[in-house]
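Each of two forms of one protein chain follows alone as structure tokens, named structure 1 and structure 2.
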Structure 1
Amino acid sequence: MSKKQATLDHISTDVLVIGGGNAALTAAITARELGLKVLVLESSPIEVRGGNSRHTRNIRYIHDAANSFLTGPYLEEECYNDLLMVTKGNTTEKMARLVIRGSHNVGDWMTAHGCRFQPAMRGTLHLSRTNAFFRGGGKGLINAYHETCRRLGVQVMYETEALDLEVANGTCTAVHAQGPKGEYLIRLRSVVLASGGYQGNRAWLREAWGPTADNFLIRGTPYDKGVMLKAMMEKGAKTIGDPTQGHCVAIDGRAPKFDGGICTRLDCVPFGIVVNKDGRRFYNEGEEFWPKRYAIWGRLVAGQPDQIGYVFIDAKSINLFMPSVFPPLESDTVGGLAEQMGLEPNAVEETVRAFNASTKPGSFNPGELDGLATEGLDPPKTNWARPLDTPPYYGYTLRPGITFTYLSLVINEQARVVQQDDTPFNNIFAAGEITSGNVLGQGYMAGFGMTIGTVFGRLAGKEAATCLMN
């Protein structure tokens, strides 16, 4: 045995957690509090630790009553019905209810482990009853959990990527990893896979989507490449989910290729109109409240020529949504704004004329489904349909922004990864985005990725520890 190999063999742990986001850290904390030695592999540098979780700002969970940062109760059936609406029924009820029930008052556990919450901010008030907002955003949450890990004695190895697993007869005995100082062989007694989806893997996105994927922007971390997902598929793990489905939203077309985060999202669509490169509308901008429907717009834009859309609003609406990170384009005329955006002015002006002619008098209320709808227009706008008639006019370009993918490892109700023959692996557990397809077949609702990560993370950490204690 070489000196290098002998050194590598000395790395061992009870529970190995692969990943560094919310699901990984909740799993690590839970396993450590049960008395097990825990090691976390975080593929990113410490400065950008936390995976997609560092870009989040809230979590959706059920609770029985209002508190200092939530304005009212949110119960199981309402949450489940919200999920059915956004997924159009494409969910596994058993797993969906497991997540929803497991989220009951989870904010108390989070607070006990360092998280701090704040009331909803301007532009997010539709979520003030259902979602709790992190003070300091997702980065604040990740920093708090890392402090808890440090206090508990959880070891974290940064810039260390898990490459493959040694699995025999349904049991994982070791993981091969690559770090700053070379290769590692990490021996373990159980493992939690919480390493995210594959949205950072351009080749895999092209395999699923074709060349249109080249025009996608990745909102989250570039470190989520699906390495563990692919490795487990090769080891005989069962998967669930359409490779082309994921949390895909319309974001500012000027956002960076990777890591733009939540600040690149645009929330102005309900208050204006969206056209494609031909200057034509293609969907109902007023279908539902934005927290419930915003995640459909990434796929809608992905289906348009060159995977691009253009949103137009006027001066009446500029202060109705969360401010954008990039300033909008601005013009005193619709045609002038269209020209700035590279569109044919006459086509856009005609679209706006037709839209304005279809609007009717009524009571506009951005805080509720106001029924202020167009008449005789295809596609219609069924709420908040006010004419675009008040200069200056503002515009943004839209691109599909992939947050995370839904092709996932199948897990059971103990968060064990399931094999092709429907038997679970003995000591391989999973949580977070690598499991999202068990609940999300399509669509998304705000804050629910954190729900999945927190509930499955705690469950995986508990089961990964208790399976060693029996």
Structure 2
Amino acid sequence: MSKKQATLDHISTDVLVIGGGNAALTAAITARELGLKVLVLESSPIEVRGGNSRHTRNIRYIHDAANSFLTGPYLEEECYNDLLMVTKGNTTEKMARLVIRGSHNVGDWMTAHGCRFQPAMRGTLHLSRTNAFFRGGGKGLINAYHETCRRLGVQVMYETEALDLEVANGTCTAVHAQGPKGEYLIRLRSVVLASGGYQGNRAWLREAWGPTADNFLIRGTPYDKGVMLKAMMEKGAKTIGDPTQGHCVAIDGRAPKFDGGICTRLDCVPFGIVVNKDGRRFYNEGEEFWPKRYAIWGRLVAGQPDQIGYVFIDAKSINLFMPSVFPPLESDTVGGLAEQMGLEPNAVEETVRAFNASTKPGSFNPGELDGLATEGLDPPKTNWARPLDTPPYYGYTLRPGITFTYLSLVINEQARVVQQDDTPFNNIFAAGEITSGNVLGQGYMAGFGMTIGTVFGRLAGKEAATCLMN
């Protein structure tokens, strides 16, 4: 053993929390409040701490009554039905209900631990009853939780990545980690894995999706690499979920490779047409309101050649959606715009001609499913189908943006990680994205990622602490 490691051997803790996002911090706070010594490992530097959680803006939780930031009650059955709808029944009822019930009035706990809420933001009023919005977004929440951790005496090590676990007979005794000053061996009595999904790991994405994965943009942190997920799979943990399942939306093609966050979303699709590299349309742009559809467009674009889509709108629609972070390309002709985008102008002009010819007069209303549909067009556009005829024309590119992956460790009702023979590990718990597949088989419900993290995080923290107290 090297001298460096010998000195570092001394690190030991009761509860080790691996990760630094919402799930990790809620677990750490809970375990610490039960009186245990808690150490948090966060692989990122302090400035970008908080993983995907720092990009969030709201949490969905059930509550009996309206308050200053939620406009009305939201109860278990409604929430469960909403979940069934988005996942098309692809959930585990027992675990789903555990999360939903556990979320009851969780905003109170969050407020008591520093979180501040505000009423739903403009443009997100459809969530104003079900989702509570963090003042200052997820980074504000993470800062507040860190301040609580500091006050409570939770120790946090930044730029320290857990690499592997020492597990014997279902019990974890230590974790190997890489920190800025070298390797650590951290002795522990129980461990909470809250290290997110694996979407930051391009090689693994390639394994699941093939080479198309190279064109995916990762909307959140590059630090969620699935290292703990893989390590636990090697230790015989049972997994749930298809590795290609996850939250995958269509975002501005010019977004950064990582950490583009919320501002790269594009809400203009329902007001225009989307073509692929060959200048052809491939899906009904007006099927539903964008917030209900943006998550299927990620997969749709991923299925197109080179994983790219091109949106065309005209001057009539430019002010109908939330401003985009990157300005659109602009031209007085459809062909000119196509050319700027590197598309064959004739092909796009032909598509637009055919589209325009199939539109019908009628009243257009962006605020409702207006039924203004194309006729005799394949694929059709079933709402908001106005011809593209008013210059200037505007164009954006679309790319698949991965929010997080669902491939998960199976956990039981104590958030204990389960082995392949269905018996749980003795002192290994998990929470957050790394467990999302227990609830989300497919599809996604806005604000539920934070619900899963907060409920399982608190549960894991509590169980990781109480299992040491008996």
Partner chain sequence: MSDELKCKQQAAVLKEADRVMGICNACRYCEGICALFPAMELRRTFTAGDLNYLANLCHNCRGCYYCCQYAPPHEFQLNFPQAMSALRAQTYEQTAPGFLKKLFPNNAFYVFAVSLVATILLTAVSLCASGPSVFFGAHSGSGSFYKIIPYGAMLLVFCLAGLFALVALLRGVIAFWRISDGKLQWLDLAAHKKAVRDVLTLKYLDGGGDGCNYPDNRFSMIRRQFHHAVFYGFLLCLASTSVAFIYDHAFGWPAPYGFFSLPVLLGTFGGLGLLAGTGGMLWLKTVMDARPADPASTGMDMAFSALLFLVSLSGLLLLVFRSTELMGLLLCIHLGLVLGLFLTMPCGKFVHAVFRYAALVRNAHEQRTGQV
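The term rigid core refers to the maximal set of C-alpha atoms that superpose within 1.5 Å between the two forms. Here, residue number means position along structure 1's sequence, counting from 1. All of these numbers come straight from a predicted model, not from anything done at the bench.
Here the form predicted alone appears as structure 1, and structure 2 shows the other form of the same chain.
Annotation for Glu76: C-alpha shift under 2 angstroms between structures 1 and 2, rigid core superposed. Annotation: Cα of Ser363 displaced by at least 2 Å between structures 1 and 2, core superposition. Put the two forms on the same core and the Cα of Gly260 is off by less than 2 Å between structures 1 and 2. Core fit done between structures 1 and 2; CA of Gly376 shifted by 5.8 Å.
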